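Form predicted alone, single chain, as structure tokens, below.
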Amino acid sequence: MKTIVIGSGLAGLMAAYISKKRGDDVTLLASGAGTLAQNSGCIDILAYTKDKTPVTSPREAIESLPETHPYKKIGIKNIEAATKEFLSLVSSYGLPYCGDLDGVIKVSTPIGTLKSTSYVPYSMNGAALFDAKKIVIVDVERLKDFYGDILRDNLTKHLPQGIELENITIDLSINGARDVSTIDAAKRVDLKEGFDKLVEELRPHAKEGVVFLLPQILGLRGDKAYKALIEVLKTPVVETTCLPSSVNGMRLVRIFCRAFSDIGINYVENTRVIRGVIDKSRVEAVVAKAMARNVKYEGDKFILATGGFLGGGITLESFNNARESIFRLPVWMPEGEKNWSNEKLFGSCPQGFATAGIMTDNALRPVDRHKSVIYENLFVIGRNLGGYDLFFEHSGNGVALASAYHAAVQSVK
């Protein structure tokens, strides 16, 4: 079967990978670099219920979701299968993750708040912070977007009393006069001289009971630098999340690129799909605008992963008139301006606009307002889906992976 995947965020990449593993001839069409490099790479399955209650077991919380939520259409067995495939992929390319569907993991942000998630690289697992006698917060000379003092002050509000926190600043001898990004520092640590300099700076502070809390600088090559560092220091090390661009997001981008090359996925870059070629209830092809001319890509199955409002996959032509950009699919959205948004951006209720998206059947095929399938061989995944607020729930990457898997395993006539 010839499968065309449109979009190169986490959902599109995972859909292409699973489709190829199942034996499809896969072409992925990407208009840009995709959003994964901006992504934390934490797999948030579900962190909050609709009344903002923190979730302690995503598996149990999913059972109480409304039937319109993507997870209810996908089902817990497919969510499990999707995460299993992801964990196997990242582990096989040197970036093993920890976590499960029955609990949550706390990770530290760069400003010292604690975020609940389900799966993270071992380097980001914040469990060691709660058992530390002393946390050494490591800043890097000239590093931007990381403020150790703010991190320390906020972190004290979330950890047990009695844990000592100390700030230090290290010099990784990164050349140049400009500010340093986490990516600059990670590239430096990937080099032997950079790693040795990191060890030299941290070793005097490596004592019993100490946990190092670092910005996300432990290399772009999987967990190689992390494993080497804890082996040398004999001390727990924890990375925070980071502002975009994300080092961990770039680690995942590298993994998918290597995997695509290894298994033979046709990855077409810098091509923007502008319309579909339709025959009654089937998509026969899509037309993409490339550098010199328009190109038609024919297929048996099409997976739409264009990122919703944030990725340009859905546009708002006028208030209460949203449309999907390629196939002109209808978009569900809350009726009435008062239901479009809440006064408090980070309040205790979901934002109406964030739940807008394409409604589907249980196979993730788009449906109209009468719940009739529009195109039998088109599947919608990721942020294009309606019925959930990924920001409020903290479920974005979980829905991306689960919907990608669910769409990839669907058969078409």
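Keep in mind it's a predicted model, so treat the numbers as computed, not measured. Note that residue numbering begins at 1 and tracks the sequence as displayed.
Below: the form predicted in complex with a small molecule, not depicted.
J.: Is residue 182 close enough to touch the small molecule in the predicted complex, meaning at least one heavy atom pair within 4.5 Å?
T.: Taking the distances in the predicted complex, the answer for residue 182 is no, it never comes within 4.5 Å of the small molecule.
J.: Though only this chain appears here, would residue 15 touch the small molecule in the predicted complex if you measure heavy atom gaps against 4.5 Å?
T.: Taking the distances in the predicted complex, the answer for residue 15 is no, it never comes within 4.5 Å of the small molecule.
J.: Residue 271 versus the small molecule, in the predicted complex: is there a non-hydrogen atom within 4.5 Å?
T.: Yes, residue 271 lies within 4.5 Å of the small molecule in the predicted complex.
J.: Although the partner isn't part of this model, could you tell me whether residue 35 comes within 4.5 Å of the small molecule in the predicted complex, counting any heavy atom of the residue?
T.: Taking the distances in the predicted complex, the answer for residue 35 is yes, it comes within 4.5 Å of the small molecule.
J.: Report the stretch among 306 to 314, 144 to 152, 164 to 172, 191 to 199 that approaches the small molecule in the predicted complex to within 4.5 Å, counting heavy atoms only.
T.: Heavy atoms within 4.5 Å of the small molecule in the predicted complex occur in 306 to 314.
J.: Three residues, 358, 377 and 380; all within 4.5 Å of the small molecule in the predicted complex via heavy atoms?
T.: Per the other structure, none of 358, 377 and 380 touch the small molecule.
J.: So the small molecule isn't shown here. In the predicted complex, which residue out of 354, 43, 364, 55 has a non-hydrogen atom within 4.5 Å of it?
T.: Flagged contact: 43.
J.: With the small molecule left out of view, which of 333, 247, 326, 238 would have a heavy atom within 4.5 Å of it in the predicted complex?
T.: Of 333, 247, 326, 238, the residue with a heavy atom within 4.5 Å of the small molecule in the predicted complex is 326.
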